[in-house]
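Consider the single chain below, provided in structure tokens and representing the form predicted on its own.
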């Protein structure tokens, strides 16, 4: 059967894609941020997952404010990236796994998560930059990918607890797949930041670090907060970090933290990286 081999968290900041394209990842401003991914690169090189499920939020390239599903999953064999602004150049298309995706969708719906299933799906920087920061740029990507979109843009938003429960359901869905494939789950977004209004530019380092510790050791501390409480601390766009809880829910009760890194500010955002594996029961 399919096996979850681990989980990763990462920010998906648009400027990250430009830094990769422009070849400036080792310049002073960017070096510490990108160096924080080196242990994750080594782990991916060793474990070589067959599929990564990328939990992200769409920023208007595929969905817009008039149609914003709470949860959506890609069910295609290929996903295109298109021009979305930010100066980001479109990447090569990503290879999906439609058969596995449909299994996940059916299992999640059986577990009472009403997924929007997408047989065609454009993926934006929320999906693309995490894959690029983990694997670099490729004409032919070395891993299959499945987009799992969570609405963190158009209110009402799913709660942190609902995202954690989605992760628990995702675990059951993955582990009921009969083929022997290794799967990694990537939770993207955040950390604390706000792009508009009187609090534009807010970064709360202490809260970010507390959330990272909670994801590792006590996810209930994080998911028992209301969205209003999270936004008050982390900013309007900081709510994206609830998507990390989808990844965490998929790993089971206890995890081993293999790597933890935090850097702020980077493009007006707090940025955290975690590499987790399920602990032996």
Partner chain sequence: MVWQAHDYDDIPGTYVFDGQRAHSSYALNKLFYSFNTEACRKEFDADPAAYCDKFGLSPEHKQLVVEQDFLGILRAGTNIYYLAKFCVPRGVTVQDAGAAFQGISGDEFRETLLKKREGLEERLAQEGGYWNG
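Residue numbers count along the first chain shown, from 1. Bear in mind that the values here come from a model prediction, so they are computed numbers and not experimental data.
Omitted here: the form predicted in complex with its partner chain. The next part is about that form.
Distance criterion of 4.5 Å from any heavy atom to its partner chain in the predicted complex singles out 154 from the list 182, 107, 95, 154. This chain is drawn without its partner chain; in the predicted complex, the residue among 52, 61, 251, 44 with a heavy atom within 4.5 Å of it is 61. Proximity of residue 209 to its partner chain in the predicted complex: non-hydrogen atoms within 4.5 Å are present.
Remark: residue 224 does not count among the residues lining its partner chain in the predicted complex, judged by a heavy atom distance of 4.5 Å or less.
Its partner chain in the predicted complex is not approached by residue 69, whose heavy atoms all lie more than 4.5 angstroms from it. In the predicted complex, its partner chain sits within 4.5 Å of a heavy atom belonging to residue 198. Each of 84, 237 and 267 comes within 4.5 Å of its partner chain in the predicted complex, counting any heavy atom.
Partner contact region in the predicted complex: 85 to 93, out of 85 to 93, 165 to 173, 139 to 147, 107 to 115, criterion any non-hydrogen atom within 4.5 Å of its partner chain. Scanning 21 to 60 for heavy atoms within 4.5 Å of its partner chain in the predicted complex gives 29, 32, 35, 36, 39, 59, 60 in sequence order.
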